[in-house]
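The chain that follows stands alone, in the form predicted on its own, written as structure tokens.
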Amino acid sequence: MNALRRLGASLLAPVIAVVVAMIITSLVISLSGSSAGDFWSVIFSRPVDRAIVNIVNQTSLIYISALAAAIGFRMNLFNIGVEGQYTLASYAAATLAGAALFPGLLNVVLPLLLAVLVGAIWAGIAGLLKVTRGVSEVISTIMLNAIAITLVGYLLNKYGVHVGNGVRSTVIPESSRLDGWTFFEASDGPVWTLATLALLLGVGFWVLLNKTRFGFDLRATGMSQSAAVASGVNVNKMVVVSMLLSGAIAGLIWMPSFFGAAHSYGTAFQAGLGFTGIAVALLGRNQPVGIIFGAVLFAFLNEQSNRLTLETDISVNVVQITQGTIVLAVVVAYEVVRRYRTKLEQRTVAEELAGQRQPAPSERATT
């Protein structure tokens, strides 16, 4: 019975969050003069095959981004700079791959390693500033975001290939393209090969957190730095290493799309994934499995929102309201449920202690 109660309590927070988000979104739509019923009928309708492929591909990008943010969050570090880290890393990887300095598979592996390195270095700057100068990682990563985006814009405009009104990096050769697998019709597009990176990184993240000494130190430091120091953990080292790992994963965010469909850095680059990943990490409670559901939900809502302007008079921006409400609601709901579970555990312990204090039947007969 207690196990069922705990399971119910763990499922209660996401259910509350979704219900609250649906109510608030419906109210916003109704106040704007549109039909909430039309909105939900479009959102909950079955996606077409092409949309399913897009959802899977977008889920992989969002999931990698959320993992990058989650590493910092588990350490009580707010790596707001995921956006700048993957932007700079994507440009660097695209430039190297477009130069085609290496044959075949090497022209994929080495740009991937460069993306990891650039992302780690850019995040590491914030880590070093925190441990050496006490600069808040929130402030430094926000500033580094602006620097990275401005720097990439300058380099792309100066050294990129100008095509019409746009500019892009050099297109990678066909031998370096990893288009993926087609599960429906060819016209529906492929699931990118490097979407499997999300799965590998998720497994690696779980192993790191639960099966390694570093993961234990990471969780311990996130819970209580003073307790971690007392147990011999070098907190400053953990801060820098955690930021390096977070940035390294961030560098890979756009790589499935780059090698699978875009093949160059330019107008095809998908900005905003860093901030989406932060929201999904919060939604998934920084847990590898929980983040999966958050990534799928956000990818699903984003893809289904494309039909709103075609089938209804509702703006696609309403989906952003829904996503933001879900994140806020789930944070509040988890706190409410946490307090409920604490009271439930206290009540269970009290009942067990009360049962132990009652005299046995033989003792009652003697008295």
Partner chain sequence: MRRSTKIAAVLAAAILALAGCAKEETTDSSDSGGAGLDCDSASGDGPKVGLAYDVGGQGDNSFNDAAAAGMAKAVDELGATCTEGEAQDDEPESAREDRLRQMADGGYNPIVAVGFAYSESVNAVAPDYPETSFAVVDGFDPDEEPNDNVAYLGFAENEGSYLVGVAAALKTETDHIGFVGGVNNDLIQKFEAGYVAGAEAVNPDITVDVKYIEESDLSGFGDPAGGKAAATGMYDNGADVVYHAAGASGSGVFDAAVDAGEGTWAIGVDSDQYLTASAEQKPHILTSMLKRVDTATFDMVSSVADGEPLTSYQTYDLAHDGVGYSTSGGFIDDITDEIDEYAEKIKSGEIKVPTAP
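Positions refer to the first chain, counted from 1. Treat the numbers as computed from the prediction; the structure is a model and nothing was measured.
Omitted here: the form predicted together with the partner chain. The next part is about that form.
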Can any non-hydrogen atom of Asn107 be found within 4.5 angstroms of the partner chain in the predicted bound form? no
Does Ser60 make contact with the partner chain in the predicted bound form, using a 4.5 Å heavy atom cut-off? no
Using a 4.5 angstroms cut-off on non-hydrogen atoms, would Gly222 count as touching the partner chain in the predicted bound form? yes
Taking the partner chain as it sits in the predicted bound form, is Ile149 in contact with it (heavy atom to heavy atom, 4.5 Å or less)? yes
Let me know the one among Val239, Leu194, Ala279, Ala120 whose heavy atoms come within 4.5 Å of the partner chain in the predicted bound form, would you? Ala279
Just one of Thr267, Ser231, Asn210, Thr132 has a heavy atom within 4.5 angstroms of the partner chain in the predicted bound form, so which one? Thr267
Which one of these stretches, 243 to 251, 153 to 161, 175 to 183, 92 to 100, sits within 4.5 Å of the partner chain in the predicted bound form when only heavy atoms are counted? 153 to 161
Using a 4.5 Å cut-off on heavy atoms, what residues in 331 to 353 are near the partner chain in the predicted bound form? Val331, Glu335, Arg338
